[in-house]
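In structure tokens, the next block holds one chain alone, the form predicted alone.
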């Protein structure tokens, strides 16, 4: 690091200590508790600003916050996996001594021998760290990828395919809450309420026509001309509106996170807003 980097680091450390001191003094409560809370609030604000500093350019403070986040996340999930998977599920079924050591109830079963299979696969996966025996890790890795793909295929087939296909089979005239009783009764009770029969029918027709037009857009066995081409262009609009709404929803979620961090900085740290 050059001289300017050392000077900037010293300034940041000095500002951190000053902020920590002022925050601890402004809090109400026990002195030791105020010092701890002041440190946690200050370090949270520092890490937030360090991440925001990437908007200017890449810098050591951003790299420190990024690496700290990755390291803490990896350590957290490693501990979660150890205590929930190994201690919670594996050790109680393998050894009574390990169960007593970790103070979890021993769960004996004649099928406990099968739990040695994941133990062996896990040990083989660690062979990845060896330059000579690294090829052994391919077997458990292939098992993990294949099992995950098979399980997710069934799950996505049910949730993203079957459910969505069944959701497109909607009644075009009325529904269970507003059954179709004739054209006269429909106009006599016509209402623009969101829960009214007219809006229900309109929504079902939009779903039906949107699905048909979207499927026509991806039908390439016939040239998109005339009525078929018009329906294909409607399908493009349906797809673009869907993608736009999905992207907007994602942006709104990210904006809510940004608002949360800004609220923390101006309310909990600087106490500018209440």
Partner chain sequence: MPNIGVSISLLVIFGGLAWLLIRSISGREVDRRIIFVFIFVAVAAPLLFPITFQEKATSIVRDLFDRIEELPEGSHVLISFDFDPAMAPEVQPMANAISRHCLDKGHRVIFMSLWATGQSLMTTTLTNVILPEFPEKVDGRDYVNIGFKAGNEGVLNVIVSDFKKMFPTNVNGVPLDSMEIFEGIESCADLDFIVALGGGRPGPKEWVLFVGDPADVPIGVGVAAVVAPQLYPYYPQQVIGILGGIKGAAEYESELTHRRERFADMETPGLHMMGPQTLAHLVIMSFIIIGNIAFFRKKRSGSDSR
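Rigid core (definition): largest C-alpha set, two forms, superposition within 1.5 Å. Residue numbers count along the first chain shown, from 1. The structure displayed is predicted, hence computed values, not measured ones.
From this point on, the text means the form predicted together with its partner chain, which you will not see here.
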| Given that the partner is absent here, does residue 227 sit within 4.5 Å of its partner chain in the predicted complex, heavy atoms only? | no
| Does the 4.5 Å heavy atom contact test between residue 272 and its partner chain in the predicted complex come out positive? | yes
| Are any of the heavy atoms in residue 266 no more than 4.5 Å from a heavy atom of its partner chain in the predicted complex? | yes
| task | Would you check, heavy atoms only and a 4.5 Å threshold, whether residue 97 touches its partner chain in the predicted complex? | result | no
| Taking its partner chain in the predicted complex, which residues along 58-90 bring a heavy atom to within 4.5 Å of it? | 76, 77, 80, 81, 84, 85, 88, 89
| After the core is matched up, is the C-alpha of residue 95 off by 2 Å or more between this form and the one not shown? | no
| said: Taking the rigid core as the reference frame, tell me whether residue 165 has a CA displacement of 2 angstroms or more between this form and the one not shown. | reply: yes
| task | With both forms fitted on the core, give yes or no for whether the Cα of residue 207 moves by 2 angstroms or more between this form and the one not shown. | result | yes
